[in-house]
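Read the single chain below, which is given as structure tokens and is the form predicted alone.
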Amino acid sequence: MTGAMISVPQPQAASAAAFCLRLLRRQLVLGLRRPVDIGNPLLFFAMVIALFPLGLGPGPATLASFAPGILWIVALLSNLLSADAVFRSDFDDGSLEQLLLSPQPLYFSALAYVLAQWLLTGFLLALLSPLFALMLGLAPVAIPALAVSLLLGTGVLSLVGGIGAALTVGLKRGGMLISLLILPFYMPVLIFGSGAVQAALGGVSAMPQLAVLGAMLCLAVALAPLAIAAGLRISVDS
């Protein structure tokens, strides 16, 4: 006689993907509870864009000629403004140390932090960029290239900024040090991002510049979380 087999549910460790999704949701919820952190980069972007007509003159032709570079430089500075806060609050309350002790892969955890920061800053900037572009008189034909280049480029900026944030999270005044560390790595993104918009303005395909930005994003997704994880371990252990 064979007895009925009673299956006893065994506790299973959460998969790395499920853990990272929960971590991403947590970071988004925390970010939405601090609307100032979301609004500051957007407000900075809008205010700086509004200053350029005062400095360059209100001539539409003058503003339109400088618009690609202006929009990309301000987007870069806005990203830099929010980079210092990626790990700061979790480091201060000890959550970051617990994360480092967890058995989950730190690569995916770092990716979740950066993705949350990008969704709350770079993604919103890319969505609002057509409005700011029209304020500067950028030709409508170049606006799709601007939005796509910002979507790709701000992803790279967030990942590179995450490395700087991880290395300086243990320092009291790490904001200036982040700028010195990561600004040189922002330059290729700025060159190809503004180049894509310039190409669209000139009636040339922007695909080569966008392809380079896509390749940069793939490379950054593959390597930057490893550097962020190492930086976090150095900062927490020191």
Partner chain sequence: MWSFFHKFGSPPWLYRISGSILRWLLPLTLLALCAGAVWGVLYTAPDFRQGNSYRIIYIHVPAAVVALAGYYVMAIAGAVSLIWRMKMAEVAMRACAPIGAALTFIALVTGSIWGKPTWGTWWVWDARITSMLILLFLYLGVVALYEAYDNKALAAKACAVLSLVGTVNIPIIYKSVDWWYSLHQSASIKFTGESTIDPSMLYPLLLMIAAFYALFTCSLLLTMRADILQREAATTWVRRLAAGESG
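Residue numbers count along the first chain shown, from 1. As the structure is a computational prediction, the values presented were derived from the model and not from experiment.
Not on display, but discussed next: the form predicted together with the partner chain.
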item: Contact stretch among 200-208, 34-42, 186-194, 59-67 - heavy atom within 4.5 Å of the partner chain in the model of the complex; value: 186-194
item: Contact label in the model of the complex: I49 to the partner chain, heavy atom within 4.5 Å; value: no
item: The partner chain contact in the model of the complex: L180, any heavy atom under 4.5 Å; value: yes
item: 4.5 Å heavy atom contact, L167 to the partner chain in the model of the complex; value: yes
item: 4.5 Å heavy atom contact, V86 and the partner chain in the model of the complex; value: no
item: Interface residue in the model of the complex among I163, V114, A142, A75, criterion: non-hydrogen atom within 4.5 angstroms of the partner chain; value: I163
item: Residue among A16, V221, A230, A215 with a heavy atom within 4.5 Å of the partner chain in the model of the complex; value: A230
